[in-house]
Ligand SMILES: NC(=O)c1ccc[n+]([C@@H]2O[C@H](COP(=O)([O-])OP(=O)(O)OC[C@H]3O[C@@H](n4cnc5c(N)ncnc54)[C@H](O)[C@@H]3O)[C@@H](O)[C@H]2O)c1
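This document starts with one chain, in the form predicted alone, laid out as C-alpha cells.
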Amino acid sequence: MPLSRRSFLKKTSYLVATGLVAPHIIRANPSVLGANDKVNVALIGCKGMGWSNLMDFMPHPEVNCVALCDIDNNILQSRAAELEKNHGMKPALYGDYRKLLDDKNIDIVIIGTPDHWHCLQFVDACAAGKDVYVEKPIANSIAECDAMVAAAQRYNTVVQVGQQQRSSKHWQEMVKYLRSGQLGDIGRVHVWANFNYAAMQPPVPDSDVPAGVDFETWLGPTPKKTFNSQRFHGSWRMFWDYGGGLLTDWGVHLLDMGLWGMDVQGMPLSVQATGGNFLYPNGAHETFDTMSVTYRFPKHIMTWENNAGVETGPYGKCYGVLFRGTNGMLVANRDDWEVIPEGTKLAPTKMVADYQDHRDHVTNFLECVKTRNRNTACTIENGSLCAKYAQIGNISARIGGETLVYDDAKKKFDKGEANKLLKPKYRSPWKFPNL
C-alpha cells in the first residue's frame, strides 16, 4: 500500500537528520495524495492578496487551513476570527514564518507578503518540504528570481505563481487565436497600465510604529528605516527597497500575456526605458509615475507604458494588451478581448471573460500538488521570466534610460552600472540564499 505524502515526509525526515540522504532528495518521489486526503494549508502575509488567495482555497473540501502568520498582530487576530466564524477552523498563529515552517503537517504555504520578503520565505518553504503558492512578482530582484528557481528545482517543489491570467479561459482562447495566424504578421505588442494608487500624495512625517506591528521583521533584509505609514500597508510597492511600482505589479500580469501571446520564452535582444515622476512630482513615491519601456525581439517589439494617478487609457481601457498584425489588431484586458480588423481582412471577433481565473488557478495548483506535477499553470520558471522583464525595464530607467542587453546565462548586463542593481544587499542577520 503506497505511503501518503505526509507519511513519506515523516519517514524520510529521520534519514535527512542522520545524513543518510540529502535534503533535496525528500521531494524527488513523494507519493500521490488520495482523493480523500486532507491538504493542510498555511498562509504567510494575511492582509491583502494572501488572504484573497486563501479564500479561493477554502471552497475545496480537502483543504484545511492550519496556520496563519503575519507581523501585524491586529490583522492576524482579525483574520483568525474571520476564518473560525466563516469556516469553523482555528489555525495556529505565528509572528515568525520560520516557526510556521517547522510544522511538519503543513503541505502548502501561501506567500502573500511584500515583494522583498518573497525570496527568503519561498526558499525556506521549499527546504522545509512545502509546496508553494507565491504571489507575483516572485521577487524584487533578478538574483532573487534565480535563487527561487534553483530552490524549487532542488527540492522538487510544486509551485504556482499568482499570475492567475494563465488559468483564464478567455486569455487562453486569445492565445489560440494569435497562434492561428489570423492576425497576420505581428510587429508590435503594446502593454499599458494606468492606476490612481501608483501616484502617492506628498510625503508625511515618520511616526511611531503602530501597536501590534513588528516593524523590524517587516523590514527584514532591507535597509534599516524608521516607520512611515506611506511605506507600509499597500503603498510599500512604490519604494525600490520593497517593490517596483506599476511595472512589477500590473506589468508582470500584462507582460506575461504579451510574452505568452508571442510564444517568447527567453530574454529580449535589448531593453530601453525612460521614466520619471512628472504627473505627481511632489508625491512620496520613488517608483516612476510616468514610464515607457521598449523590448526588442528579432521580428517584433513590445512596449510598456504606465501613467500613475490617472485611470483612462487606449480603447477605453485603463490597462490592457494590444497585438498589432497586418490583418488587424487584438485588444485585451481581464474583461474581454476583441479583434479589430484592418479593413475587410478579418471578421470582428470578441470573447468575454467568465471571471473564474483565480478559482481555476487554485484548482489547477491543488491538482498538481496531488499528482506531484510541477507543470502548473504558472510555474516558477515562468514567474521568474516575467519578473525579470519588469526588473530589466526598471533598471534601464533607473540608470538614466540606457539601452541594455541582459545575458540570462551569464547573469549579467552589458553595462556595469546596471549590474549593481541585480542583487540586493541583505541586512544582517538575514543572509541571501546560497543554493
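These figures come from a predicted structure and were not determined experimentally. Start at 1 and count along the sequence shown; that's the residue number.
One more form of this protein should be noted, the form predicted together with the named molecule, which is absent from this view; the next part is about it.
- Stretch 246-254 is the contacting one of 80-88, 246-254, 268-276, 284-292, since its residues have non-hydrogen atoms within 4.5 Å of the named molecule in the predicted bound form.
- Here the marked residues Gly261, His300 and Phe323 all miss the named molecule in the predicted bound form; none has a heavy atom within 4.5 angstroms.
- Of the candidates Tyr155, Trp117, Trp304, Trp171, Trp117 is the one whose heavy atoms come within 4.5 Å of the named molecule in the predicted bound form; the others do not.
- This chain is drawn without the named molecule; in the predicted bound form, the residue among Asp241, Asp72, Asp124, Asp360 with a heavy atom within 4.5 Å of it is Asp72.
- In the predicted bound form, none of the heavy atoms of Gly129 sits within 4.5 Å of a heavy atom of the named molecule.
- Using a 4.5 angstroms limit between non-hydrogen atoms, Thr217 touches the named molecule in the predicted bound form.
- When the named molecule is considered in the predicted bound form, Ala390 lies well away from it, no heavy atom lying within 4.5 Å.
- Of the heavy atoms in Tyr280, none are within 4.5 Å of the named molecule in the predicted bound form.
- In the predicted bound form, the named molecule lies within 4.5 angstroms of at least one heavy atom of each of the following residues of 137-165: Pro137, Gly162, Gln164, in sequence order.
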